[in-house]
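In the structure tokens that follow, the same protein chain appears in two forms, which are kept apart as structure 1 and structure 2.
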Structure 1
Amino acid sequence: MAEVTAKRDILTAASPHAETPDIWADFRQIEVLTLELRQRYEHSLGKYSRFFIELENGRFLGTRCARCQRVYAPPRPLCPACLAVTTWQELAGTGTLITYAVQHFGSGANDDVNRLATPYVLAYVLLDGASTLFPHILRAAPENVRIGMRVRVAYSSGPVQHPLHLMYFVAQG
């Protein structure tokens, strides 16, 4: 007997179309393999890098467009409204919860997310001084979360896998 290590199954598939006759009758023996595809990326954070580097110092940065005064958090190096290059602007890290989801399954995005207990709260926060909403985990019991509640950025000293997890939101007060 020849050995095929990736082979998972050989089966006979029924026609899903209930056709008579089955025009594919000669092709109903099916072999199924288990295959893997793994990649590793050197992923530059590019012009957004300073945001992540400053999180290590417990500082929260957005970017400001000098032309229209919008403040972007998450940062944008280029203001899409003006196509003007922005500058870094520190924010206090306090803000208001605008909307949220209570997620009952881990997304598997990275080790940091895998460490979160489910359910977790994905919060959209309007940071004081910002024009856009910043999405991140709000560490709070779902039953205590209310739209309009005041929250703030809290910082982690790590170790984390991804630098975005050097911060998260908590309720103020």
Structure 2
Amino acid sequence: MAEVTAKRDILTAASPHAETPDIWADFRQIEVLTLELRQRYEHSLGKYSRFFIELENGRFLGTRCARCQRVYAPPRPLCPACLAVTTWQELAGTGTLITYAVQHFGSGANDDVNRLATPYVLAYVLLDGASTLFPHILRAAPENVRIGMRVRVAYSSGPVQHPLHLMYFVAQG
């Protein structure tokens, strides 16, 4: 159920032409309402739920296609190459940085991203054993980032707004 709270302010606007009679004087008092709407809802992560549950447990999962043997990270319930249903597979959580972008301002996507100090690095990592790139935050100074560097998955210790932020990449070493 939504809860609405209101704050009421009554303002009187000044006439823009003080030297002439104000025919709108009776209409210059305006009411301004500040409304706050709070809403709670539940959202299912559906077929991807196990991926996020395991992130909370410090495990990184992808999915494997039994037919063509491709391994998807991020996981996909259905193989886009041959349309077979995939199965879960744990990955080591290590990989190679293929490319990256230095972000000089936050996207505003959610509070997790807004809390990141800028500039930050958006990395595209080929995880060991995976067939696809995994895009995510690499916590490293941009001047220390190099294509081909080894990285590993690290796990957040505090609360996050979105479960994808339960993990991030760091330099392996």
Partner chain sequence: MSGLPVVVGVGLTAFAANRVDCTVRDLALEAALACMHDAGLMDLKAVQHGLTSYESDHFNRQMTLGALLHDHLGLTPLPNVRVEGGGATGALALRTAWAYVQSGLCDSILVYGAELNGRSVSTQTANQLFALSADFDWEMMVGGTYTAFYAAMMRAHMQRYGTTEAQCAHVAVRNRKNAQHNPLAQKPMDLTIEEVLNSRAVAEPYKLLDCSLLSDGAAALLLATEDWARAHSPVFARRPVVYFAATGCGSDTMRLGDRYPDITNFRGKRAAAQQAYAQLGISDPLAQIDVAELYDSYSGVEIQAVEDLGFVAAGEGGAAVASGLFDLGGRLPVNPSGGLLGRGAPVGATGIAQAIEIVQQLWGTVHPARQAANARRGLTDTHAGIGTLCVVNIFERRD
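Predicted model only: the values in this text are computed from it and were never measured. When a residue number appears, read it as a position in the sequence of structure 1, where counting begins at 1. Each form is matched to the other, and the largest set of C-alpha atoms that superpose within 1.5 Å is called the rigid core.
Enquirer: Which of the two shown corresponds to the form predicted alone?
Expert: Between the two, the form predicted alone is shown as structure 2, not structure 1.
Enquirer: Taking 2 Å as the cut-off, check whether the CA of N144 shifts that much or more between structures 1 and 2 after a rigid core fit.
Expert: Comparing forms between structures 1 and 2, the N144 CA shifts below 2 Å.
Enquirer: Can we say the CA of R28 moves by at least 2 Å between structures 1 and 2 when the core is superposed?
Expert: True for R28: a C-alpha shift of 2 Å or more.
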